[in-house]
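Here's a solo chain for you in structure tokens, the form predicted on its own.
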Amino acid sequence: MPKQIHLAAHFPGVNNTTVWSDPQAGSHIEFDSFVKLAQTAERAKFDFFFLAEGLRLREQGGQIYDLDVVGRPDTFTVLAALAAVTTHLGLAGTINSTFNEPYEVARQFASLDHLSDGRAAWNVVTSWDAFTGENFRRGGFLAEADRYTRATQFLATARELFDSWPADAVVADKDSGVFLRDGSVGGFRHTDQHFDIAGRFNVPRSPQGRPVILQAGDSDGGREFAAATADAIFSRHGTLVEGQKFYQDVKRRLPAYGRSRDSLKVLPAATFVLGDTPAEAQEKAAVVRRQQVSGATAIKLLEQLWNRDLSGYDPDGPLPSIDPDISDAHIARGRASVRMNRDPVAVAREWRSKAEAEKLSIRDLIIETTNRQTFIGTPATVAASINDLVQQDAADGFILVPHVTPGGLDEFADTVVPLLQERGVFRTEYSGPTLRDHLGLEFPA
């Protein structure tokens, strides 16, 4: 039997893949936009709807970076509201383990799981920078190397809280007047390097027992954390060779934790552009990339590598001849990309060589070197590509990121999904009511 494909819908926002200026784009704050995308995903039988979250607005040159969408309503508020207008779609939220507390987060996710009848998922993330920490009056308090230690202890503590109520704890026998089977339920005590808490958890066990755990770390520590604790791991490796390498690496770690290969799903993020012909899809993709990387955006993205004010440069002109500033004071605060360029001077040399050889302007180069669409083609070729990558163990499915919100998923739902269903690799109906059912995950004891 072929592997079954898992699909999720990401409500995009805080990145330059979102073309908020497109005539078809809608609000990223109004609830109707969240409803539209979520109900489209549910109509197409997707596994879950996913919200990312940033705890501080990114800055560049001391000002809010406003070429992308700025601002987002609170994750729990949006997901709880979506629980009322969907019936089967999983509801996944990104909640930080560095600046929150286990009791509060466990209570919120247990409540969401109850409100949604078992559809809650928690994307456990960490925060690496003191810039974000300033919002919590803890700037710099946690060394970057310690963030997964805290995340591991945070999740272990939350699981103790989820498990403090047996599934049959609530009797609610009206004849006898007995509400609880045992008056000691909910008790907990946890002490470790980061937490020292004791008391009673006040939310009865939820339909899934615990929320589905998602994780997005690509470092060795992040992969190990996922192998030990997560039900699914997000990935940025969406091509065959790189995807297979990542897939095998995280799957080989599972036996050390007594886990099977199927207990952790690998879900790369993926963007897409569809057309009636391959040529039309390529033309549309080129237009989208130029929407995503305007001249102003190209200069800002170049500044993130150069760490200099380049506002005087023409985006349609050549790259700066001056080298990047490698000082610790960075022009783009709160950007994960800052950490990824370990040797900015070497990258700048590579970019200059590429630009000179291919006669690329600043804007052309940024379009070439930043993320492109994962799938470009007709619905038939995109469906075939998705299926090939899953069947060849480069992924277990994909988290789709439309470039226009909220209607950007419609075409995929209407044209690609039916072709996957015809191949017998994607559900035509939900097999159960919970997200664990959709992902084929065991329920925790």
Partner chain sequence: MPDPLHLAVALERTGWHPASWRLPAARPSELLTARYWTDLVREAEAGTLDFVTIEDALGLQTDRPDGPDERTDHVRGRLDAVLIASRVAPLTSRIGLVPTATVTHTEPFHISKAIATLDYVSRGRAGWRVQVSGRAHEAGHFGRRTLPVLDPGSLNSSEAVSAIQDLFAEATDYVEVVRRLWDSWEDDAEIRDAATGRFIDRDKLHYISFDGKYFSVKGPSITPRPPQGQPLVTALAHAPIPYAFAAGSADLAYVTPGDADHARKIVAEIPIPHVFADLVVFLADTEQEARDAKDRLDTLDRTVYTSDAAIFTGTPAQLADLLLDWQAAGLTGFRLRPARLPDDLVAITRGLVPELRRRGAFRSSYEASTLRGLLGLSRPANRFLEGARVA
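Numbering follows the first chain given and starts at 1. Fair warning: this is a prediction, and the values are worked out from it, not measured in the lab.
There is also a form predicted together with the partner chain; it is not shown, and the following applies to it.
Checking 78, 273, 319, 293 against the partner chain in the predicted complex, a heavy atom within 4.5 Å turns up for just one residue: 78.
With the partner removed from view, the residue among 114, 352, 335, 253 that has a non-hydrogen atom within 4.5 Å of the partner chain in the predicted complex turns out to be 114. Contact with the partner chain in the predicted complex holds for all three of 64, 72 and 202, each having a heavy atom within 4.5 Å.
In the predicted complex, residue 25 approaches the partner chain with a heavy atom inside 4.5 Å. In the predicted complex, residue 247 stays away from the partner chain, with no heavy atom inside 4.5 Å. When contacts are judged by a 4.5 Å heavy atom cut-off, residue 56 counts as touching the partner chain in the predicted complex. Mapping the unseen interface onto this chain, residue 371 falls outside it, with no heavy atom inside 4.5 Å of the partner chain in the predicted complex. Across the options 279 to 287, 357 to 365, 308 to 316, 83 to 91, residues that bring heavy atoms within 4.5 Å of the partner chain in the predicted complex belong to 83 to 91.
Contacts with the partner chain in the predicted complex, taken as any heavy atom within 4.5 Å, map within 95 to 118 to 99, 100, 101, 103, 104, 107, 108, 111, 112, 114, 115.
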